[in-house]
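Below, in structure tokens: the form predicted on its own, a single chain.
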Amino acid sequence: MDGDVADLSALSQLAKQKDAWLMVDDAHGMAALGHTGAGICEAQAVTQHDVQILMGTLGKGFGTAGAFVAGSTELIDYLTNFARPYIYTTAMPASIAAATLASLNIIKTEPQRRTHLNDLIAHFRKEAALLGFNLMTSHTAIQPLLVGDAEQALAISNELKQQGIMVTAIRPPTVPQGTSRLRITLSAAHSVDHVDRLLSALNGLADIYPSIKKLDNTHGVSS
């Protein structure tokens, strides 16, 4: 929700101490993180010996639909025979499978898309900090902007929508009371001009909704 990244090495060590398996649901890291876009495991250089079960969705970075589970042959055989949701579902449509394979090829062979995305993230964070926005700690494509009040977060989201900018307002019960935020999501399809347009729109709304800016000049989330 906040674009933060788990410490897989520490979690893996703890799992090994407890003789447990570690399962990672890398919904947002696939295509965006790692040298080849393989996700958080690649980005943090952990292997299948550290993460025994890897799940990922195809509906985000891949731009298609569906999901997958990766693991040992024994694990996959077990799920194939005993996972009721899998047993009683239908196969992925051939068109979706073909589109996913095409997406995978793009992810592997066009790293400039990730480079561009990372440049956009750095640009957004730098300019947003200079403008004094309540940035949360994230260096991924998900950039939450803390608002606090749920009604104000929704109002800002609606104001941005009127300007042709889609930013979701995240409110309780999805997040704790008093921590509603705008969930800004960047992609490789965006440009620097898009980011600057968003920042300009937010800055224009700050006079009406001052809670989106910090009360002081320290870096981080206002208390």
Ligand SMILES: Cc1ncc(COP(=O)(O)O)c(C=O)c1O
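Numbers for residues come from their place in the sequence shown, where the first is 1. Note that the structure is predicted; figures quoted are calculated from it, not measured.
Not pictured, yet referred to below: the form predicted together with the ligand.
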Next on the checklist: Among the candidate stretches 186 to 194, 31 to 39, 55 to 63, 163 to 171, which one is within 4.5 Å of the ligand in the predicted bound form when only heavy atoms are counted?
Outcome noted: 55 to 63
Item to check | Touches the ligand in the predicted bound form: Ala70 (any heavy atom, 4.5 Å) | outcome: no
Item to check | 4.5 Å heavy atom contact, Ala27 to the ligand in the predicted bound form | outcome: yes
